[in-house]
Structure formats: structure tokens, C-alpha cells
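What follows is a single chain, given as C-alpha cells, in the form predicted alone.
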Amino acid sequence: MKQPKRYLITSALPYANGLKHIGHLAGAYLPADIYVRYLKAQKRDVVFVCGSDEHGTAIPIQATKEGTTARAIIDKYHPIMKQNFKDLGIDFDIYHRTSDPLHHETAKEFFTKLNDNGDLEIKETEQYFDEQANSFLADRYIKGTCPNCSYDSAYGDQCERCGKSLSPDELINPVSTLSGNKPIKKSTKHWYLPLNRHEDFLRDWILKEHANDWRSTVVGQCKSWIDGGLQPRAVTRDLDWGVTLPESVDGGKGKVLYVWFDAPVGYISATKQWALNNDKDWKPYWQDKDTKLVHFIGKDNIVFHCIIFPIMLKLHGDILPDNVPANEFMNLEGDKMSTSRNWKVEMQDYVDDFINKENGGSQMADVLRYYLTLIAPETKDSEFTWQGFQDANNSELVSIFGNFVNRSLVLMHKLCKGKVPPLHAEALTDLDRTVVADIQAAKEKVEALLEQYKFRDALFEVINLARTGNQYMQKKEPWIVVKQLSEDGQPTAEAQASIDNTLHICLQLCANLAVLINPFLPFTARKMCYLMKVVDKMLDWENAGKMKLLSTGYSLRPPELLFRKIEDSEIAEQLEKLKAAVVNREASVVSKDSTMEEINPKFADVKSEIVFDDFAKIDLRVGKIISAEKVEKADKLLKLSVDLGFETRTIVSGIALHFKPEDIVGKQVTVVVNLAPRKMRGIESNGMILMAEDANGKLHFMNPEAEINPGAGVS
């Protein structure tokens, strides 16, 4: 198969309306980064583009929630997301933004060309209109009762309780979230992309041309859409936030491009900006058929990247995507990740807890990259668990990969004076030759899998090579062979040849591991280069499979551990943090409605019914804090000594961001005293302090109004 002249790789543009979680990272960004790093190691011409999606109703809705402007929201979250990606090793060639003037210009040009060519239709339809606000209502500005589950606060596009996709017309008793009034229907004119005109093209292109090389889940979803009959889709909306229509368009005043049309054009505007930054021509990357375009997305974006955007590209005269390796969803601890329910692990939280602290640094970015790739939802939904994260690190990165590299360097310093020993060809054994063959074969295996976007399987092959190295060293036992001494007290010639060959092969295997692991764990690969005293150029893919990457007699640095063990207390802390986030959300009974001026009480769903005996098992007592101090290397934990009347207990509580230790000494608190002990940061915690969270996220003690003796029961 002919190799493309150049590659353009895209990751779905994330909404700049809030922090993104590790499910997003696993879906569209990490696999793309792995693929791009592999291509660049191959010295191929590749550009990796992404950027913040800063239009659509999600932005002004978030602005209302935070009591600010849409512009302030995107300016707040764009740099945070950009830094999160950088901290986790996602190396975009450009991370652009759709609020940039260059993007507005590009999107308008795209619309104008399709409109002038007669590829769009103009339709007049009736849509919901808020008379008091004097505004047409986007789907997210309409609420009502879900016809599927009877939830009374479903949005016009989706019910957040049952997950069903909706249209505003399906809602029972719809109201405007701008005023709280019942909206009316009012006539408005919009431009539509007639998808139905292109069904034959899509059938040939997707269901025939790409039926065998695209993921079956992607082809299946596309087939379902096409077989169901495609309908014209609105290109414009009546909003005041977004890319406005060109002034030359008759009747376009007060309308903006629909975000689904605007956002994918962001890939093109990002490429233009990259070209300007690097004195390049952007056009070949979008218009030359010798360019391979690959979109990395989650499955919720399949219809946009496989059906709608390709139609737009075809009409505009641009190339079509060669592949769209969409991932399924990643769940969390047995449940679907959800920003609205606070059931998530945000990238920022991981950076704060594992990278910015002095407990692993950038190597901990690689630990997350490793685990997310290991459980990548390539063909079906997968699940992130903190226990699985710990096991992957301790049992594989530490005990297999890191252990092999460390043992090789330790033994080289101990048995070969810190230098790469020679290879004695005449003394090679069948086992030696087998391992050399395994090293050479690993390159082809990993390469073939990466070319097929099978990143999980490719990573397995790299770790398996490290496993082979451990097994080989265990069988050769150079620490035993060194005891075979001659009359002068030194190892015999045969013993020394065996030791040299073993460690020479192990060290060359280490160098190969650095090359092969680089697309997956870039920080680790660079640290291995540092230990081996070689430049990063050794990581070029052409070096994989070679047995002369480290020269005989070359001295290497003393060993350093590549990965640290993750303690049980760290996992317990993350689990408590995850559960506390949900509990705190449910405990908050008053919040601001996202688009109403008045404050309306909102209540979490009532949990499943329990009987009195269940409640009676909980032992609640009044306690008094007699001392408090911060837990070392844990920004959010305080170590409390609590007087319970009958005894004083140590309780570790995640309240350090809300209270200073000196301010809470003497406070009365309500304590769950019969909770099983658990270790956090090496400290055994014996109980739990009950807290409530207000609408602003501030914690408050659930303490008695009057002074009560410690140990008194709470009922």
C-alpha cells in the first residue's frame, strides 16, 4: 500500500464550557497523540490539530451559571484545557480556538461557497419564541416534562435523567428558561444542508469503500443513520453567540452558524493558523488527495464526522477522511461518567493529585496514559477503576517494565563496571538468539497494530517484550554465574562471556523498549534516554529492532526507578473524593437555576427506600475537635483529634481547602462513629465527619446549635 505524502490528524474540539475528564482524554486525544508520535518517529509529514469549541449554547448557559459573560467563560477554560493536555503529554502542533477571527473568516467563507453553489436550502419554519425575552429559543433554552420518564426538567434536546434525545416539540408543558414563560411558535427563516441529497454518495463511500477498514461500530452506526433516511439539517440559528452570517447574505442578520457546522471547520482554520506560524502552505493538507486525513473522536460524534462533515468537505472540494477510529465510552467505577452528576475524574484533578505534587511528576502522566490505553474502549465500552489503575502501575509498569530496566542497569554497574559489555558471538546460546529474534520481531508487530489503530494491542506487545526480558534474565541468572570462579578468584572466561552476552542483550532490549514505548509513554522514553546517556534521536522508529543502539564500552548513568509504587492510601483517598463529590452534590438542596434570575430550590433524587433497621445501624455522636493539622503532601486532608466523650479518635477529613486547622479547634461536629477504619496517607481514620455543601460549593459542619457533651447520641 502506497504511503501518503502527508498526514493531517484531528481530535474532536472540546467545548470550552468547563473542565474535561479522563473519559474525554481516553476517547479522542490520547489515541490520536499515540498515533501522531508514532508517525513523527517515522519521520512522516504530519500535522496534529485541535482547539477549543467556543460557540453553541453550552457556552452562554455556563456563563449564566457562573454569573459572567460567554467571552469570560471561554477565556477561562481555553488555557486550562490547553495546559491539561500539555501536562498529560498530548502534543498538538496547534491548539486553536473557534473564537479567533481567522476561524470566523474561514467558517464564513465555507458557508458562502456552499450557499453560492446552491448546495444549501432556505426554509421557513415555526420555532419556539420567548415573547418577554424577545428571542427565539435554542433547544437548551427550553425545559419541560420528558415524555419518556416524566422528569419535569428535561431540556429541549435531551433528558438528563433518562438520557433520551428529544426535540422541543416532544416536551410536555415546555417553558422558556429565559423568563419561565410558556413560549409561542413563531415563523423564522434558516439555511439547511440537505443531507438527503447525498445518501447514494455515503452508501458508496462508507458502506462499500470503507466497510472493511473502518471499525464495525462506526460503519454500523452510519448504516443505521443512512438506512433510516437522512433529513435536511439546519445550518443557522437565531442566537447572538457564534459566527455571524456574512453581511452579503440576504436575511442573515441576527443569525449565526449552527455549532455543528462551525466547529468542524475549526480543523481547517487551525491548520491555517499552524501554516501561518510555520511559514507553510495549508492547502495541500486539505485539498491534495495524497494527504491522509484521520479524525479521532468519541462515538457520540460519529454522525458529524462520518456523515455531515464529509458531505460539507465534498461540496467544498476538500479531501475526505481516510479513517474515523471512534472510541466507545469509558465508564467509572461501575457507572457512566457524568459531569452533571459529578461522577468523573477531571484531568485537572489528576494533574493536581499526581503530577504537580512531589509524588511522581511527569512519570505519573505516563501512568495514566498507560492505564487508559490498557483499557481503551476501542470496540466496546470499558471501565476505569482506581484499583485497576493501581494494579496496572504496580503489577506491570513497576514490576515488569520498570523492574527489567532497573535490574539491567543495576547488574551492568555491579558486574560490568558500569559500561555496556561486549557481545561474544561464539558464546551465544539458543536462548540468546531467541531473545534477539523477539526484539527484532517486536517492531513489526507494534508497527502493524499502530497502523490499524489497535493501540491497546500494540501496547501489550511492548510490555510483553519487557516481560520476555525479565524471563530471559531470570533464566540466565548472571548473579549466579558470576560465582563460577577460576583459580585467580575471578569469573571463568565462560562465565564472563555469559554475563557479558546476557547484559549486552538486556541493555539493547532496554534501548528498544525506549523506542517502542515512546508513542505511549513519552516522558518515560525520555528518562530512559537520559539514563542511557543518548540523545532523543535514538527514539526514531528506524532504530527499533536494532541490536547496536548502545555501543560496547559506553558508560551509562546509575539506575533510577522509572515508576513508583502507588500506595493503598492514595487509592482510598481518590475513592473517598469521588464518592464525596456525589454526596456533596446530593446534599446541596439549593442552587441557582442555570438561566433564571430567581433562585429556585433543586433537590437530588430520593435514594432507594430503606427500612428503619438499616438506619439504626448508623451510630451518630456529637464530637468536639481538640486538635487539627494538615496531612503532609495532601492538600485536601486534615488530621483531626476528636473528643467523643468515651474516647478520643483520629479522623482524617477532606476539608483542608475549606477550613484552616486553627479555626476549627473547639468546634462541635456530628460523627459517624461505627464506620470501619481506613488508612489515608498512612494514617488510620476512625470515623467520618458529616458536612453539608452550599450552592457555592462551600462546606459547613453539621453541628448542634447548643453546646452538648461529647459522646451524646444524634437521632
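Since this is a predicted model, take the numbers as computed values, not measurements. Take the two forms, find the largest set of C-alpha atoms that superpose within 1.5 Å, and that set is the rigid core. The first residue of the sequence shown is number 1, and the count goes up from there.
The same protein also exists as the form predicted in complex with the RNA; that form is not shown, yet it is the one meant from here on.
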With the partner omitted here, the residue among Lys336, His424, Lys314, Lys546 that in the predicted complex has a heavy atom within 4.5 Å of the RNA is Lys336
Option touching the RNA, based on a heavy atom within 4.5 Å in the predicted complex, out of Gln471, Gln484, Ser555, Asn117: Gln471
Does the RNA come within 4.5 Å of any heavy atom of Pro661 in the predicted complex? no
Quick one: is Val652 in contact with the RNA in the predicted complex, heavy atoms, 4.5 Å cut-off? yes
Does the RNA get within 4.5 angstroms of any non-hydrogen atom of Arg678 in the predicted complex? yes
Is there any non-hydrogen atom of Tyr530 lying within 4.5 Å of the RNA in the predicted complex? no
Which of 515-523, 299-307, 235-243, 267-275 has heavy atoms within 4.5 Å of the RNA in the predicted complex? 299-307
Are Gly220, Phe329 and Ser382 jointly within 4.5 Å of the RNA in the predicted complex, each by at least one heavy atom? yes
At a 4.5 angstroms cut-off on non-hydrogen atoms, which residues of 555-572 are near the RNA in the predicted complex? List them in order. Leu561, Leu562, Phe563, Lys565
Threshold 2 Å Cα movement between the shown form and the other one at Gly56, rigid core reference: no
Quick one: once the rigid core is lined up, does Thr69 have its C-alpha move by 2 Å or more between the shown form and the other one? no
Once the core is aligned, does Glu684 move its Cα by at least 2 Å between the shown form and the other one? yes
Hey, the CA atoms of Val351 and Lys679 end up closer or farther in the predicted complex than in the shown form, with the change being 3 Å or more? farther
Over in the other structure, so in the predicted complex, do Asp335 and Asp635 pull closer or drift farther apart at the C-alpha level? The difference is 3 angstroms or more. closer
